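Encoded as structure tokens, the following chain is the form predicted on its own, with no partner shown.
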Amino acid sequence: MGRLIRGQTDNPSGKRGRPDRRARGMAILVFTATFASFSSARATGDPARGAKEFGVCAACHSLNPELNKTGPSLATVWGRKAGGLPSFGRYSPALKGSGAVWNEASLDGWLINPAGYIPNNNMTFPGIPDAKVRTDIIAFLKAVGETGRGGPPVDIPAAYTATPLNLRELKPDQEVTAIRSCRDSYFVATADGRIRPFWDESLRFETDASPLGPFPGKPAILPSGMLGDRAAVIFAQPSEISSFIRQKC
């Protein structure tokens, strides 16, 4: 066997010359077609899969247009300006001033790394590294948005649109009538005649000014924690808290 001379092809004729251009062209064509097919598959998300994968977002975001949680409702996020939901008042200045409009490209950048896409925003979520999961979630949010504008219906799990408990329609054991404080304890009386003691670190005081929040002067108590030893008393407004609690041992 003789040595190949640089630039010479290994062919029976032994002729020197460049590699077969036709073979090189076919290789490029196959690579281009494969890449295009991969890119197309990646760009086309599955809303049904996205509906399941949205669970990672559902702890902080509702798909009920009337319900904001830690973050704003995402029922109308598609095509919405970042920081542009009027009913949500906790947007960061960075998000409101970003000028971003939520679509495939911007949502993908946001979901990869929210802190990197719009620095100094309030979202603590670290991001979703899996491109396929992001694409499916984006496809689902797009379908939800188009459904709201008269497009084809999309199956939205009931948990994503569930309305929280109406604290204006309380059962007797949920309606607080008095709270007494003594040293390291609270004693909470409810409309069913029961008085429940709590270690002061086990009882939280909250407010809910939404249309589903309690009536003024009629706070609600709801269980908190797995052992039944913790609870939250929810008032209509902050000024009620100190005036409602009586200190007496």
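All residue numbers refer to positions in the sequence shown, first residue = 1. Everything numeric in this text was worked out from a predicted model, so none of it was measured.
Heads up, the form predicted in complex with heme C (HEC) isn't pictured, but that's what we're talking about next.
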| item | value |
| --- | --- |
| The unique member of Cys182, Cys60, Ala48, Leu222 whose heavy atoms fall within 4.5 Å of heme C (HEC) in the model of the complex | Cys60 |
| Segment that reaches heme C (HEC) in the model of the complex - one of 174 to 182, 115 to 123, 144 to 152, 161 to 169, heavy atoms within 4.5 Å | 115 to 123 |
| Distance check, Leu95 to heme C (HEC) in the model of the complex, heavy atom within 4.5 Å | yes |
| Touches heme C (HEC) in the model of the complex: Gly71 (any heavy atom, 4.5 Å) | yes |
| Contact of Leu107 with heme C (HEC) in the model of the complex (heavy atom, 4.5 Å) | yes |
| Contact flag, Lys132 vs heme C (HEC) in the model of the complex, heavy atom cut 4.5 Å | no |
| Partner contacts in the model of the complex for 128 to 146 (non-hydrogen atom within 4.5 angstroms of heme C (HEC)) | Ile128, Ile137, Leu141 |
